[in-house]
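One chain comes next, on its own, written as structure tokens: the form predicted alone.
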Amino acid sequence: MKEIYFAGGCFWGTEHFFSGVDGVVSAVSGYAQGRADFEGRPSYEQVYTDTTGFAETVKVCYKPERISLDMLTDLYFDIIDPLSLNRQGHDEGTRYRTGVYYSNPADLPVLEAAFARAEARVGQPLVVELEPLRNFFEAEERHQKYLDKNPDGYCHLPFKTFRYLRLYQDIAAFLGDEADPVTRMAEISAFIYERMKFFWVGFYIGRGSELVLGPFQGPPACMRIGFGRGVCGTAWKEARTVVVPDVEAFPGHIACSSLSRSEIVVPVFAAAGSDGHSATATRMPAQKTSVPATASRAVVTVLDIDSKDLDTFDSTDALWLEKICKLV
């Protein structure tokens, strides 16, 4: 078993998140990286003054044969704002700074690579500490498993983050090494539809200059959508996730159902180095998937999700649905 220490803002939410990660044996809330001249065990009240140097930190013990440090660190970057200094959500102060602290020097190259990926993704220098662990003290019992004890308690993370984590892990485990992409799309649609209770969930597959309806869950839908048309065609053309709070306000919206009020469409990209012909595209029987030359990246499929309510989707949905789309 190995250990790593994550400071991600308020430790209540960070601990609850990592407790739900498959392969994590324990997640313990505590205080790390305090001043060298601080004597004794810090209390929550002392740390709260921002004079001790301690940061709210979670000690994560994990089985490396089940989950890698690489994946754990990527998940960590999924739940923090790496550009926010001494602030996460509504919580502000040096005790809420972000950082990754390691006890084994052999972990440093893996962590540096994860930091480099995160920096490349956001396009700016990170304000996340990466340091060897100096000290760590477990927090008081009332702070351990806080959200288990207080299900409606405060958390700086959106509560749907925890639902998406479970959904993502269950989909990945269920799909296993299944090779057929249509089968994978069908199962992903079913999982999202059942777990998240959205109105419509499905995939549209690129064929020539059109998106053609693929596996889906929900009422009958549009069978073909032109390149650049509607929300799906826009996400395909612009090769980016499109979040629409109100479909009626979206220019050129295609009304497959009058019950749809808000929508998110996530592109599925071809494998790197495939020149627009991914393994996903080439394995689809009796289909030739081509990407219009105007697309900035090779999008072969899009995931379309509709809700009966306005303003259902946000950046949290986008982040996790993009991760799920990589499983196609």
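From 1 onward, residues are counted along the sequence shown. None of these values were measured; they are calculated from a predicted model.
Form predicted in complex with a small molecule: not shown, discussed below.
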Counting any non-hydrogen atom inside 4.5 Å, which residue from 222, 83, 190, 113 sits next to the small molecule in the predicted bound form? 222
The small molecule: the contacting residue among 167, 157, 243, 256 in the predicted bound form [heavy atom, 4.5 Å]: 256
Using 4.5 Å between non-hydrogen atoms, is residue 77 touching the small molecule in the predicted bound form? no
Check residue 204 for me: does it contact the small molecule in the predicted bound form (non-hydrogen atoms, 4.5 angstroms)? yes
Is residue 198 close to the small molecule in the predicted bound form, meaning a heavy atom pair under 4.5 Å apart or at it? no
Might residue 230 be said to contact the small molecule in the predicted bound form, defining contact as any heavy atom within 4.5 Å? yes
Just one of 170-178, 248-256, 85-93, 116-124 has residues with a heavy atom within 4.5 Å of the small molecule in the predicted bound form, so point it out. 248-256
